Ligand code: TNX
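Here we start with a single chain on its own, the form predicted alone, put down as structure tokens.
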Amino acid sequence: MRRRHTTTRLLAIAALALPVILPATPAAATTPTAPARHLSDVIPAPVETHPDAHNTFRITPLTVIRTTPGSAAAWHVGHQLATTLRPATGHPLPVLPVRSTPLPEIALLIGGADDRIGQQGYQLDVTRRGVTIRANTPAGLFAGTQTLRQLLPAEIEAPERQRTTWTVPGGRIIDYPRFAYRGAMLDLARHFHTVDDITAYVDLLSQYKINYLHLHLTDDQGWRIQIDSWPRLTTVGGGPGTGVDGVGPGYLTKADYKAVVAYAAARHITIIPEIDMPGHTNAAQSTYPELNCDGVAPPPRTDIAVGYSSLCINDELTYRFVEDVIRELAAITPGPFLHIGGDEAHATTDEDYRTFMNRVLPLVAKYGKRASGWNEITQADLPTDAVAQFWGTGTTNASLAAAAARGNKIIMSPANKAYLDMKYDANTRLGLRWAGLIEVSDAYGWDPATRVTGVGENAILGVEAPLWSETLRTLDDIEYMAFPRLPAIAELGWSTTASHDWESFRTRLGEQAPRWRLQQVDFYPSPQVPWI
């Protein structure tokens, strides 16, 4: 197979496409030329930027996207980038897995970057000749393309061709994450959200270098994942009348779940499924009476109360049920984590709670997964590879600090800082306020490594922004509560502490508004942010 293309061949590739994709632009799509961008204008803030005003690159009809020869993964990232850029630019942007071209290019290359970038970082260089993104992994390449996307005028998000100058500011970016884990959580149990809603959220998350999506699949109000060995969990526990106020029915089939996993993986986001237990289990217990100690099914619950349900800790059927669920879910989850909940088990005694967790944690390992759970799991005998997710509102937690001292990693999700379902202010049309009101400055104004005494930088795996769905119904609702606070949490997870600056962040956040409008993101226009 020939691996090199001649100059004539490359020029022909670009030229042949021009008559097809460069029609006259309709007047309705016309926009003024966007102001120049700067390397430091992106979210999350890069580690290093070295601007060079003399080396601005312009994307033209002859520009190609070049990828590392022989790397299907690099070609796939290139194809994703081309798919993003083509509608607005109207340029063909062919993706070529070749060693060199004579054409203006965006090169996506594996290897050859700064030694510091690790497995998730990238190096981005812009000259008049082209843009070059180098990374050690496809995930790093993808992260670099999301930065490139923000360096282009906002109109790049338009669904059709715009009249503008597609320029990239010159210079170099060296960038890599502070924490390996940067997550978001979406609650499907209190109100079911469709595959289309989840994948739309994945698209938005990926733009801000979020790399984990935690799906809360079960709770008192609904069971949202197919389990073949307990089939009524979904048809009854996730059926009509389930969800808060009885208006959130639905569930993911295994095929749906696999589709979500694959879609997220293509955007370098790993899905983490959660089965909450031993509390938050009323949907299962009201469906299967035998899961109750007295063999009597409690009525379904559609309110938002917590802490009243518990599996029967001393019944072996409980552990057969739990193992069936873990086995089936692990089999369709390629990612490393399986979240077992463990929060607000107020109807379970402390002794029974430890008994339960000490039986269940080995089951997660048995099926090849790494256990994670809410911070209450630190009360059990945790294996050192288990991850605890802190959701409290305080700054001390003795069992969490003890787990960190033993070597357990911690994900920081303090409810009064990171919970995206909290209202922005007293008049916010959606959300709750039990953990407090969270404006954008509150979501941005904390440090994961100093939040809880005894849980320092080395103990932190990362951060996560949970979004509970008691008051949510639609994708617009998801977007309204997540944006603009989600980018704040994303920056806390990616960017250095030295770059943490509220004035800089609020300015950069305000510059995201035109992109969100073009993407039809229903964001909250916080008065704290100078929106463009």
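In this text, all values refer to a predicted model and were calculated from it rather than measured experimentally. In this text, residue numbers run from 1 along the sequence as written.
Form predicted in complex with this ligand: not shown, discussed below.
With the partner omitted from this view, the residue of 442, 324, 343, 245 that lies near this ligand in the predicted complex is 343 [heavy atom within 4.5 Å]. Note on the partner interface in the predicted complex: the residue among 180, 306, 259, 297 having a heavy atom within 4.5 angstroms of this ligand is 306.
With a 4.5 Å cutoff on heavy atoms, residue 268 does not count as touching this ligand in the predicted complex; it lies far away. For the chain shown alone, residue 438 is not a contact residue for this ligand in the predicted complex, no non-hydrogen atom being within 4.5 angstroms. Residue 477 falls outside the set of residues with a heavy atom inside 4.5 Å of this ligand in the predicted complex. None of the heavy atoms of residue 175 is located within 4.5 Å of this ligand in the predicted complex. Shown here without its partner, the chain carries 190, 374 and 434, all of which come within 4.5 Å of this ligand in the predicted complex through at least one heavy atom. The stretch in contact with this ligand in the predicted complex, judged by heavy atoms within 4.5 Å, is 421-429, chosen from 363-371, 144-152, 421-429, 224-232.
Of the residues in 255-283, only 280 comes within 4.5 Å of this ligand in the predicted complex through at least one heavy atom.
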